[in-house]
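We begin with a single chain expressed as structure tokens, specifically the form predicted on its own.
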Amino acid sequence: MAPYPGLLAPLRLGLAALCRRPLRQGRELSTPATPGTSLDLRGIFPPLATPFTARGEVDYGRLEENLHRYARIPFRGFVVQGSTGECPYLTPQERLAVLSCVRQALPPDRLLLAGTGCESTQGTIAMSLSVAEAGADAALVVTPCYYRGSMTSAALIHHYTQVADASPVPVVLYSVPANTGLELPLQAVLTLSQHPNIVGLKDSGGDITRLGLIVHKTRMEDFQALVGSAGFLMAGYAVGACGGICALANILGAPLCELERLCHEGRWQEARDLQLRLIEPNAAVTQKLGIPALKQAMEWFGYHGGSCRAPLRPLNEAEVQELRRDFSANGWL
């Protein structure tokens, strides 16, 4: 039985039953965030994996156990409903239940970002309102991409502006062309950075020149750039990124926080040595072998990865051995 009996209710009804944690003092959810308010996004955020049982159900108990272990690592916060969490395979009710589970288990000083991107502007606004009610600190909004040919800069600026105008919590833009086939155009980012309720960008494209230009061009705005992959985290810090939302943090969270510390202290040789050891493991659990590899590696490091949800399939034996080599060759196993 699902742990939250109200899950079949409409998205914005009955959410109080989903979240036992009281809303933070002073947040008014019936109106958008106050213009000019922001959020300090400096630090490392794991985009949490969603453990599933062998029957394909969300394993909330295992998720909570992972969070108790992550609490020992100096993460700035966590992301739910992202690509790493198999968000496209979760129902809207499951998305909110996972968010509620994470919010209840988190220490109060950790931020919680929730993916709210849907293909329609209306759907994204509805999900943003819902995650705000359930305790999210910010909405991470991926680019809509189904009608890719129509997603011009003008269309995307209009979409994000409407979402940011309506959202009770700050909005973080999310560009992940490997998954969407669509990169949020530079000019759209620069225009949207001026919106008082858009506070940053997670950029997973890997183009450091673009990332540096975004940092440079938005330096007069209340806007922060987050690296979207551990493979170029050091390079991101070198050009002025404030932090990272990195899938590999589900597995090697402490080393990623150490890399952040070394960069902030200007210990670039040590940072480079550590960064180089992270590139192959990161590639293995992202573009090469993907979510099944990330979940397998989580199990090796004492976390609960669990099964993937179909149509994703577990690794075969040859892929498991390849994954193990990518970690062991860099001294992690």
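Here the structure is a predicted model, which means the values were calculated and not measured. Each residue number is its position in the shown sequence, starting from 1.
Not on display, but discussed next: the form predicted in complex with another copy of the chain.
Checked against another copy of the chain in the predicted bound form, the residues Leu106, Ile73, Ala166, Ala235 give one hit for a heavy atom within 4.5 Å, which is Ala235. With the partner omitted from this view, the residue of Asn250, Asn197, Ser130, Ser83 that lies near another copy of the chain in the predicted bound form is Ser83 [heavy atom within 4.5 Å]. Against another copy of the chain in the predicted bound form, the set Thr121, Ile208 and Gly240 is in full contact: each member has a heavy atom within 4.5 Å.
Residues within 4.5 angstroms of another copy of the chain in the predicted bound form, judged by any non-hydrogen atom, belong to 283 to 291 and to none of the other stretches in 61 to 69, 283 to 291, 38 to 46, 296 to 304. Residue contact with another copy of the chain in the predicted bound form: Ala310 places a heavy atom within 4.5 Å of it.
Contact check for Leu213: a non-hydrogen atom falls within 4.5 Å of another copy of the chain in the predicted bound form. The closest heavy atom approach of Gln93 to another copy of the chain in the predicted bound form falls within 4.5 Å. Proximity of Leu256 to another copy of the chain in the predicted bound form: non-hydrogen atoms within 4.5 Å are absent; the residue sits far from the partner.
Scanning 270 to 284 for heavy atoms within 4.5 Å of another copy of the chain in the predicted bound form gives Arg272, Leu276, Arg277, Ile279, Glu280 in sequence order.
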